[in-house]
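Quick setup: one chain, the form predicted on its own, written in structure tokens, and binding and motion questions come after.
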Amino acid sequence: MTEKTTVAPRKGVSFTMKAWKRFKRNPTVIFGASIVLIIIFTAIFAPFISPYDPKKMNYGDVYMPPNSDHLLGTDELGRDMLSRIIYGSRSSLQVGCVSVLILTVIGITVGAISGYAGGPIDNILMRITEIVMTVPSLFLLIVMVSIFKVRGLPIIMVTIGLISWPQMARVVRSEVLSIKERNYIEAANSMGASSFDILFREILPNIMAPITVMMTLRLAGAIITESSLSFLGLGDPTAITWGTMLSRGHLVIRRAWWIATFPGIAILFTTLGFNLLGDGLRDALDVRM
């Protein structure tokens, strides 16, 4: 009598596992994620890996080129450039994270209400969104930052967040419009669920993938924007930022090329890392794949 063997049913692969497999198969995305992790590590452990005090001035080492004591040279006040770039990562990530949080909250609120409510409310909110989008963002930033007599990173964060939300709002609105017509939303409506419950318990959890991608890409944009403002002299003069280093370094580029070059490289790789990571998340979280 032969034994009867049973074959265990094959378990389906979850969407998260599929997304992770697509993510890790892309070497470009892994490269971008590695850059982001290095920047985050550098910002968190800056006091431990920085060789010098970034604010300590040494007039005997002014404009010293890269050497064994100062790997990236010194600036016009004899401050170590490597230490300042390490601490500058803290300012860049702080500006990026806070401003992206602000624009995400505003964008989700406007986009979700606009897409779900429809009708006149949708028209009004979208016209406001389009008006904000038509104004050049850098010009509006310069105007808003110039209004305040005291310049600081908090003002820059809030300003970037207040003018950068329209793109997020449009993405959220389009996703809400496509989801609110689905069967499970109609079933929730028929069971008497409130609009608040439907919007925040049924719709928003299902559109977190595009929101996450948008946040990653906007974070890179926020870092570039802060660097641009600092380069134009509208940043926080007391904060250690890459844009401020660029602003001071380009004036003496022929005498001390390293002062502007290395902060520029830091900005380049940071924004490249976040952009590559955002592109990878977009491909990995695409349900059509």
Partner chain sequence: MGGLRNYIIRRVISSIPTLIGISILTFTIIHLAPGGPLKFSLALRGDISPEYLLEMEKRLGLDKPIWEQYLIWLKNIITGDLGTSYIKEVPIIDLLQIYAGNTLKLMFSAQILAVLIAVPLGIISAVKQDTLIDNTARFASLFGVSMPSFWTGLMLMFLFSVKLDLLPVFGARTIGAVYDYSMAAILDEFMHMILPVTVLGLSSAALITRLVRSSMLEVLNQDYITTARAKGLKENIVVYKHALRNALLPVVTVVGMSMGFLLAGATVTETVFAWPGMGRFVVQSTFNRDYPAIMAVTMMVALMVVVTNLITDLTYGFLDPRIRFE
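Residue numbers count along the first chain shown, from 1. Note that the structure is a prediction, hence the values are computed from the model and not measured.
If you look for the form predicted in complex with its partner chain, you will not find it shown, but the lines that follow are about it.
When its partner chain is considered in the predicted complex, only one residue from 97, 158, 208, 135 comes within 4.5 Å through any heavy atom, namely 135. Contact with its partner chain in the predicted complex, defined as a heavy atom within 4.5 Å, holds for exactly one of 260, 36, 29, 240, namely 260. No member of the trio 17, 179 and 196 reaches its partner chain in the predicted complex with any non-hydrogen atom inside 4.5 Å. Proximity to its partner chain in the predicted complex, taken as heavy atoms within 4.5 Å, picks out 127-135 from the listed stretches 127-135, 67-75, 99-107, 180-188. Shown alone here, residue 151 lies within 4.5 Å of its partner chain in the predicted complex, counting heavy atoms only.
Of the heavy atoms in residue 121, none are within 4.5 Å of its partner chain in the predicted complex.
Under a 4.5 angstroms non-hydrogen atom cutoff, its partner chain in the predicted complex lacks residue 212 among its neighbouring residues. Residue contact check for residue 43: none of its heavy atoms lie within 4.5 Å of its partner chain in the predicted complex. Residues of 259-276 that come within 4.5 Å of its partner chain in the predicted complex, judged by any heavy atom, are 260, 261, 264, 265, 267, 268, 271, 272, 275, 276 in sequence order.
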